[in-house]
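So this one's two forms of a single chain, laid out as structure tokens and tagged structure 1 and structure 2.
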Structure 1
């Protein structure tokens, strides 16, 4: 006999299969399952997964799938998923992009949850407002951050140069770095990185002169002369060998792993203060953290406190309430915040900051201490950058390299940068 299945049997079998699989689906739906997307280093991934695990331990009906990417790939991924109607429930957001996403209606407005499942009143108004777009709250501050100068104290001390401190002038900084290089204790080692192509460094320099990168309506807020002076200052740094030469700096791909301290090419690098923990994690030599150098008397505050990143929830999420509860867990619950530590910046909640500080490791304590020292001296948060600003960060790097490799003068580079940056912003 051969095995035959008639039509009726086949239909019955199919119906049974569908019935069974829908039972399976039903079970999966009973548990709230969400997706959480973030960018960052391995350090961040480990900490975030630990927080998720702790949350699932307490909430058996919730399951959260986490996915991590590098900065560049992250925005591609998020934009593609959002365009495809498949946005993750929980979104790590950046101040640079929140206006774009919020104004296109892709993010959940947290306002109705405030004081209920989202209890972040102790953030203080400035830290809450940094997640607002057009008066509505779309992002919850994940950590307070600023720019910083990190220094390898071992290499610095070897050179016999007086230690760095907050409030150095740019000239003092140049002189000290030149001495570190001149001491010649390590082969191919320099005082500082060349920061002429680093946008946050340039922004700090502009603000110290009372300028800024962009105006409120998205135009350039500096002139060719400002950019030319900036390129000229770093030209001087290269001339006196205070910073690394052009072909060494070009190895820096604006990632933590390729910065000049990690590559052991220089004693000083410039980055965001939360990144200090990851930079320290890459090497054994003790690092310290300082404010940017300043122009001396008459200078204005160049640095500002900003949200290192924000937590947003997708407007199309099927589990909005559960997602908001998890966001609250990350910023206000002692367990969640303990898992994250200060790797995403110093917690905005004063209550959590007090709870966390005693148990922090040395590098994290340095960051908290730094933000505390810096807070009285910072300026206001600048407006969110316009479309096209992302391209300008790379344009600055490219033109700074042209000057460093001697392809153009600082003067011409200033003019060229302003022209092309303005065109990028206009184009959007």
Structure 2
């Protein structure tokens, strides 16, 4: 079976499993065979396949088979495989889930490999510690990342509106987006996506208000009024036609391919900075990248730097040493890191960052520049979300859509979200 991934599959909500073997990538009779599971766009898949091919070119006795899914299906599939005793050797891991998987004993502790086959000392302590759980290293940082606003500068300029810039307030952002829509230069086109169901956007909003998603002991760190205010703000955005209406936003299945810029429905979308490259790759019009709007003078920093994702190895892998060697290749070897580029974030290794930057394409250089501009303004990395928190990202989207479609008020939705989100983390 060969890789079969196309836009139609992705637009179908990533329901179709994208699975492929290593046929064509390595030797059929390789002595060491491993499986690698990741989520992401076609851009990520192409880069990952290139890295695997390059690695197998140097290691003829290793065969790596890959499986790629959309974000939502990925975690269901990983949980199913892990519970069934069929976990992949190599696991793309998210900061949100690493505590859950590590504490269940499903991930390999990298600590004994440090300074040996895993040579990541030049990451610096913060970037190494971002993969630790209870003092042990279960994830290797694949790239430094933050949330961002991506802007279609061509569509924005057509509207004759002053360009977006770092430091805009939420009120200024709303007014500008409404002007883009009102300009009517494109049919069915709006200033912004509706981000009311986007958890990183909600988290940024909370942090700007001195709140957070979760406390250090795994409880909700916000109140119903905070969520109600968030839903009300986006209700205002819809009222003034600054963002897309509910039926359009519902097309977004939390994949890059279905965001409002990719679907040509809006000039602004919110995503993670490493996703900028893939979003730019889906269209020909030039995009730019900016920090989130802020609450104005005296507001707190909402954004922070985080590992865009991590690499983990299954605790039950029969090829632990080989898997660690491949992880090291992805983050410290010039060929491996060049294949991945900065699609998974800006490399944590200063050596690799210096190696890659001169040869980066324009979009990748925009990401590196953005992280550099943002770094002096960010807050601290928040505590890892507790068990059960993964369900809350989907719960936020569900309840935000109920508000947008007029099925409930912002106030009632705030109460409902807090009650159900608290129950999810209590249940774990």
Partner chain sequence: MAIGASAPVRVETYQKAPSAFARNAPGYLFLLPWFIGFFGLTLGPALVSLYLSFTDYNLLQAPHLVGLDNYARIATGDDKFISSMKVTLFYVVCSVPLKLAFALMVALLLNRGIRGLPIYRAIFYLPSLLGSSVAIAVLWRQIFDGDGVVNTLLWYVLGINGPSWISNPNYSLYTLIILAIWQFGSPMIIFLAGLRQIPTDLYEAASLDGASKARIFFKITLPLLTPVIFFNAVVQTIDAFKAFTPAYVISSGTGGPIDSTLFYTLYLYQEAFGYFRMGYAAALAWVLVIIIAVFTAFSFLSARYWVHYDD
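The term rigid core refers to the maximal set of C-alpha atoms that superpose within 1.5 Å between the two forms. Remember, predicted model here, so these are calculated numbers, not experimental data. Residue numbers count along the first chain shown, from 1.
Structure 2, rather than structure 1, originates from the form predicted on its own. The listed residues are 76, 288, 168, 364, and the one at the hinge between rigid parts moving between structure 1 and structure 2 turns out to be 364. Relative to the larger rigid part, the smaller one is rotated between structure 1 and structure 2 by 10°, as taken from C-alpha superpositions.
Superposed on the core, the two forms differ at residue 61, whose C-alpha moves 4.2 Å between structure 1 and structure 2.
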